[in-house]
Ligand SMILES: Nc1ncnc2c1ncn2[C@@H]1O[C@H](COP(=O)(O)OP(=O)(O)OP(=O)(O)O)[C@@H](O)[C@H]1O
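As structure tokens, one chain now follows by itself in the form predicted alone.
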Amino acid sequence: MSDADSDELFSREDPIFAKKELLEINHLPDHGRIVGRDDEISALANALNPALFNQSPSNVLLYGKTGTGKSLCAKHVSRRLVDEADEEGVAVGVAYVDCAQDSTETQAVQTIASTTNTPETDVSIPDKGISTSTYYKRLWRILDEEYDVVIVILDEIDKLENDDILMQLSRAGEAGKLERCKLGVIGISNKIKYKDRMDERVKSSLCEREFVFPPYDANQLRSIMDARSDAFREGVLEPGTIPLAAAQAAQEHGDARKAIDILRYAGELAQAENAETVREEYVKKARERAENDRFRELIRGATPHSKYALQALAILSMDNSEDAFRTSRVYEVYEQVCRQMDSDPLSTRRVRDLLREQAFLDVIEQTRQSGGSAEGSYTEHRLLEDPQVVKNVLVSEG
């Protein structure tokens, strides 16, 4: 065996992280690690409490910006409900749907059915190949056979193509689809204006209770990261690392997810450089990476021409002293971007619609201005993200 073969290619010990999973996005922490959301947890538990008595829980809509703990609290309360209901002899099930991934009615109902199905049923839920109505029929059968109460969590509910599944779920009992099982729906959205787009019939049956999750402040973000500091080996975090990461996240968005991302990225940078500690300089570098990832998440699923329009707005914002621009100016630069991408530009009206969609997603802000009798009214568009971050991400994905 050569010397090269005898050398260890992989490190058998991680010098930085002890429990890195504590810093992963999908990690569901224990109750003691959930910081600053006691009121929200209590309110949500109160809405679901009837399930303990085999009664119908309230339907709930949770609003708030990304990283404010909505999904975390919904999963935590639902998990606690399942455990406590079991002690009372009530069978409660939970189905979680990521509507950004399962955006059609068929995809969403298939996910709910496959999640709630058990080996005890003889019901088959294939990935595809059957109609939407058949998925529903099999879902109702599973729920009535296996559960007293089921909580359906629809995360990023605003990404659903339409309200059809909301209509089915919220009215399943009164429509006679379910004979025994009671259904409760928790809808989660980053968009406070989401309800304005809902069908009035759905709104009346679904929006029983609504809770708004405010952004975290710097102290709460620091507590959140302190609660997960045992993700690192003892003595690895320098004293100023967590306070700096918390301050940066609070200053930008009050986003706990971003704060934890910054901390994890800082650790990975220290690891890559074989450093013994995670210093403040790594936090500063990690912030840029977190910003890029955050914006990439915001535009996930955006069409190429939506990205071209955003790139045009970013170019304008970087090249001019002002930060808000008329549709006509955005469209001129959009046409230039299309030429660079060897793509035929869409009409001005269609680009205006694409910009309106990005405003709904809180990527940009739109303001209606009056130009007086000579010009009439017009719309101005302003990026809510760092233009350099927007351009970097869009160019890298182009």
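From a predicted model like this one, the values you see are computed outputs, not experimental measurements. Numbering starts at 1 and runs along the sequence shown.
Omitted from view is the form predicted in complex with the ligand, to which the following refers.
So in the predicted bound form, are 66, 71 and 190 all sitting within 4.5 Å of the ligand, heavy atoms only?
Checking in the predicted bound form: 66, 71 and 190 are all within 4.5 Å of the ligand.
Selected contact from 216, 232, 282, 308, since only one has a non-hydrogen atom within 4.5 angstroms of the ligand in the predicted bound form:
Contact residue from the list: 216.
Could you tell me which one of 142, 125, 256, 237 places a heavy atom within 4.5 Å of the ligand in the predicted bound form?
The residue in contact is 256.
Just to confirm the contact call: exactly one of 71-79, 314-322, 107-115, 173-181 touches the ligand in the predicted bound form at a 4.5 Å heavy atom cutoff, so which is it?
In short, 71-79.
With a 4.5 Å heavy atom cut-off, would you call residue 222 a contact of the ligand in the predicted bound form?
Contact with the ligand, no.
Examine residue 27 and determine whether its closest non-hydrogen atom to the ligand in the predicted bound form is within 4.5 angstroms.
Yes, residue 27 is a contact residue.
Is the gap between residue 260 and the ligand in the predicted bound form 4.5 Å or less for some heavy atom pair?
Result yes; residue 260 sits at the interface with the ligand in the predicted bound form.
Considering only heavy atoms, tell me if residue 102 and the ligand come within 4.5 Å of each other in the predicted bound form.
No, residue 102 is distant from the partner.
Where, within 146-167, is there a heavy atom within 4.5 Å of the ligand in the predicted bound form? Residue list please.
Heavy-atom contacts to the ligand in the predicted bound form: only 156.
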